[in-house]
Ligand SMILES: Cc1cc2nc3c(=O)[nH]c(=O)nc-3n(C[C@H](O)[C@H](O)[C@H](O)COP(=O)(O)OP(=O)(O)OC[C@H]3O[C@@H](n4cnc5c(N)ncnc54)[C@H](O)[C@@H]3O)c2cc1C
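The chain that follows stands alone, in the form predicted on its own, written as structure tokens.
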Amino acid sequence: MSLDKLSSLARHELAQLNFPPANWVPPSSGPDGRPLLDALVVGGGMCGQTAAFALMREGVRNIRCLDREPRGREGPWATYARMEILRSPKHLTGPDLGVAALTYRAWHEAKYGLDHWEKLHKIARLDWAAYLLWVRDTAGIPVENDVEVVSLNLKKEFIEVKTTTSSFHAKKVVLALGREGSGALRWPEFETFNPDNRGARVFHSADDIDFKALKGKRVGILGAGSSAFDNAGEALEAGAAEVTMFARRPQLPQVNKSKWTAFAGFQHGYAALDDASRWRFYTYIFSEQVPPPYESVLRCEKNKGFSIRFSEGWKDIEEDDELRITTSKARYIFDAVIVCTGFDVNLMDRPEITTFRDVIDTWRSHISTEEAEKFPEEARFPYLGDAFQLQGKAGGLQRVHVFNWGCTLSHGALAGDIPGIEIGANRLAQGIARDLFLEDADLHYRKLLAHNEDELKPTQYFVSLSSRRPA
């Protein structure tokens, strides 16, 4: 089957599922007299487009999904994610929301054939990026590119949204901003180095890096997680003379504890646990850390120029005529360095929510002072409601839903990791649908009273409205 035929089949299956259903949310106007948007999804990557898809399946049609990047550059897949293949097993589903013809397997078989699928080890990263775009186009998910949300201003009955191109008002906002969606780039605390003033030889793993320029160069890598090995592999394959990786730990983590959580019981049940139990689960998982995929390690260790220095974190970076790294044991000179320390969770770093970030409830207020000091980043995670909505005393906070990595302590890894994305998107959309109905419950009741679709008109038992007697 060709991709064109698969697209036709998928659209037919969607039609069989009555997708998209009619929009049931009553229209309303904002303070400027223009129509009020029912839901805005900020971010058009995997989480954003799946959230929009789920909302449409619930009959919430008056939505927009915005992404600041051009088409094809949403999320990490075609940008700073530099692994050759995905970590997740190839059989996992998620962005398809249960539609068989929209699964990655269906797309892969249509593109490469069944035999190729059977022999496939894991999904190629760029194939996954292409697949997501195909799902978007096939399902008609309305992602608007090159539009950045600048600020959100909470009101009691709506949210004022300002973007780089316009301003409008929305009843609900979904923050689907990926790994950095609840914080920013994570940089270690160095003795003198300030990442805001870094030169052209110091990179973060999320930067747009010209690896070809590293040919013949000496490259230092800080970190020993997945992104560290992926960036090291890119540098080595681009011809770097040597790549030296530095890790604080004496050895690599050996077991991916989060992999254990990828089953329906945990994904459905975790959010229903009490706070102490949820805190216990994820502080343990985070503290164990995640080993890099063995494929990423093999990609690096087959190169003679690759080495790892364990138990040797960086104390400082100095940039002048030379680029010097000071560790706990020695000093090194490199031509370029890449800091692969991921993303921090700190709502204070998010520019979109400046006007209300100080009043957002976090996990800090739900644990002891001792636990907050022991796990400071975990304590900064937002404490979310049952549909990923923010909590706090400020009016309107629950109109904002966090569908990114920041949801993990409250809901588990349902917004970012492929295994949980379907459960997460459906939970999010169903919660938003519930809230929108409750907001207009009186209006819906009036519509119920006015409903008069004559079922028996073709029969001899039909009675006109004016002649009907009370039961």
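In case it trips you up, residue 1 is the first one in the sequence shown, and so on. Given the structure is predicted, the values throughout are model-derived calculations rather than measurements.
Another form, the form predicted together with this ligand, is not on view; read the next lines as being about it.
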| query | finding |
| --- | --- |
| Heavy atom of each of V42, D67 and E352 within 4.5 Å of this ligand in the model of the complex | yes |
| One stretch from 112-120, 210-218, 173-181, 195-203 that, in the model of the complex, holds residues within 4.5 Å of this ligand by heavy atom | 173-181 |
| Proximity to this ligand in the model of the complex, single hit among K374, R248, R87, K259 (heavy atom within 4.5 Å) | R87 |
| Any non-hydrogen atom of L428 within 4.5 angstroms of this ligand in the model of the complex | no |
| This ligand contact at I418 in the model of the complex, heavy atom, 4.5 Å | yes |
| Contact of G75 with this ligand in the model of the complex (heavy atom, 4.5 Å) | yes |
| Touches this ligand in the model of the complex: Y80 (any heavy atom, 4.5 Å) | yes |
